[in-house]
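What follows is a single chain, given as structure tokens, in the form predicted on its own.
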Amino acid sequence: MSDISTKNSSITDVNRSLYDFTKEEKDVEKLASGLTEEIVRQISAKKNEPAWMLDHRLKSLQIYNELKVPNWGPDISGLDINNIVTYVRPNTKMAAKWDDVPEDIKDTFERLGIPDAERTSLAGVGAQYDSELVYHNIQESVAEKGVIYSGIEEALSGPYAEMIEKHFMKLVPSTDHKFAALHGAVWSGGSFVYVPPYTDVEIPLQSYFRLNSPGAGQFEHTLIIVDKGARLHFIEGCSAPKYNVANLHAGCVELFVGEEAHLRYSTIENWSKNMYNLNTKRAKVEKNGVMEWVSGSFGSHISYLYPMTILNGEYAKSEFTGITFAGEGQNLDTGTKILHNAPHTSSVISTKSLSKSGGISTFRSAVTVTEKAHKSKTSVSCQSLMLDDKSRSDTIPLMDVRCNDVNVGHEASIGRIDDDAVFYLMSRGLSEEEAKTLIVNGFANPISKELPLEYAVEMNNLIRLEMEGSIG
């Protein structure tokens, strides 16, 4: 496997300052690199799983070996699974108090601001370090409503075991693509959420995933079930320090939105720029349900990420709001998929992408309107801004409409920063760098205003840091 280049521009150096700190690996348990049946059995044995889960892992391994690597997107030939360690266990058990988390791991999450966010604005937090959860907690007032928020492995052996078996990798089967099969074989860690009928979780829950080990993969599984009439906002964050070898993220998110239920799923992703991010996210929405995605993608060397919504019940709705920023050495292939599979369903897709310093940003949308989806409507809008003449931005929309009485719209624009706007702002006393940063922040504002305040601040800060030193 060829190493990812370690050459950094000043922009990248500044941008990674918050995330590019490493911790010495102390007494960690690592399995051998590569992917074999023995490794899959070892992972299952360490978790003392039910027999059906081991069977699922082994079937997924077989499917992985049969499927081919995708060849329609960015080149991932630099990723060699034989050099990836699929399981790294930190030397600790999951804790419900930060004081019980080992000091070096706790310091990592303190520097990322997770405990402080939990104290001020979250109803519960799960924190994963490499392959295992190290912390999980939910406010007592939320738990008293019957809301379940736990590690998914913990829930596998509890009263919700049957619910997990019924839903696990049913939206994203191992046959979906090669890296879904990889996930099914070696998944580890992740969260389980169940919100009972007509329960409103007024404060968000959050899971944060930190990959510390060089040359490792992270394969967490998030399963969320929002029952009839319930409401939830779930936030996902992730980061890793940069190494000169490839790391891999192939997680899976499955979201079940019941009748009249409402789920918002927000993500700020700032993986290191040696990361291959091959993540799969999918939601199914029943009658009168609402699914909202808010997605910010700033990291990774290569990214394949297309959250999908299946509108399965009459009057179900979906909104996808996303922003992608591709800098030097990044090829981010992102977008979303919508399946209208019932009458009177509706979807709105609004995305913005920025590229600079030779970065490549590709937006793909796939909207399918089936024969069942009478009187449905969908709107797709994608805007791309290139900050120099070295960068690239592509838009690849797909519309598959199999019903006549529907309303389908699509618009796309790709452009550069207006020199006249920069000149005007400079005439008002701003430097060229400040002027361009102001324009970029204005471009991204419709996305940032959809995020919780602290995450909007983080997103705007990431954009500002990416822009620093970009002139000349």
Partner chain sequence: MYTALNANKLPVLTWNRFNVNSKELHLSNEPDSAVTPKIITDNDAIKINDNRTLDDIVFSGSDKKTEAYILKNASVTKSIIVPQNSTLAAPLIFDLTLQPTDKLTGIFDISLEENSSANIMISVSSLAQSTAQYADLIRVHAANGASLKLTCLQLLGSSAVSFNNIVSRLENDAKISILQIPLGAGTALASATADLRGYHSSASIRSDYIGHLEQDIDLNYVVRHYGKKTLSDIKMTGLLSDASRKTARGTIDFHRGCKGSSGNESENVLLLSEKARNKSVPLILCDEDDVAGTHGAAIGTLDEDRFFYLKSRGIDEKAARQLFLDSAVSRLKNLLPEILAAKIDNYSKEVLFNESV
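Positions refer to the first chain, counted from 1. This structure is a prediction, so every number in the text was calculated from the model and none was measured.
Beyond what is shown, the protein has a form predicted in complex with its partner chain; the following relates to that form.
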Q | Touches its partner chain in the model of the complex: residue 406 (any heavy atom, 4.5 Å) | A | yes
Q: Spell out, yes or no, whether the shortest heavy atom distance between residue 98 and its partner chain in the model of the complex is within 4.5 Å.
A: no
Q. Looking in the model of the complex, any heavy atom of residue 421 within 4.5 Å of its partner chain?
A. no
Q. Taking heavy atoms and a 4.5 Å cut-off, does residue 145 contact its partner chain in the model of the complex?
A. no
Q) Of the listed stretches (392 to 400, 322 to 330, 259 to 267, 161 to 169), which one has a non-hydrogen atom within 4.5 Å of its partner chain in the model of the complex? A) 392 to 400
Q.
Is its partner chain in the model of the complex close enough to 176, 366 and 388 that every residue in that trio has a heavy atom within 4.5 angstroms of it?
A. yes
Q: Would you mind picking the one in 35, 444, 43, 414 that has a heavy atom within 4.5 Å of its partner chain in the model of the complex?
A: 414
**Q.** Position in contact with its partner chain when the complex is considered in the model of the complex, options 228, 287, 337, 106, heavy atoms within 4.5 Å
**A.** 337
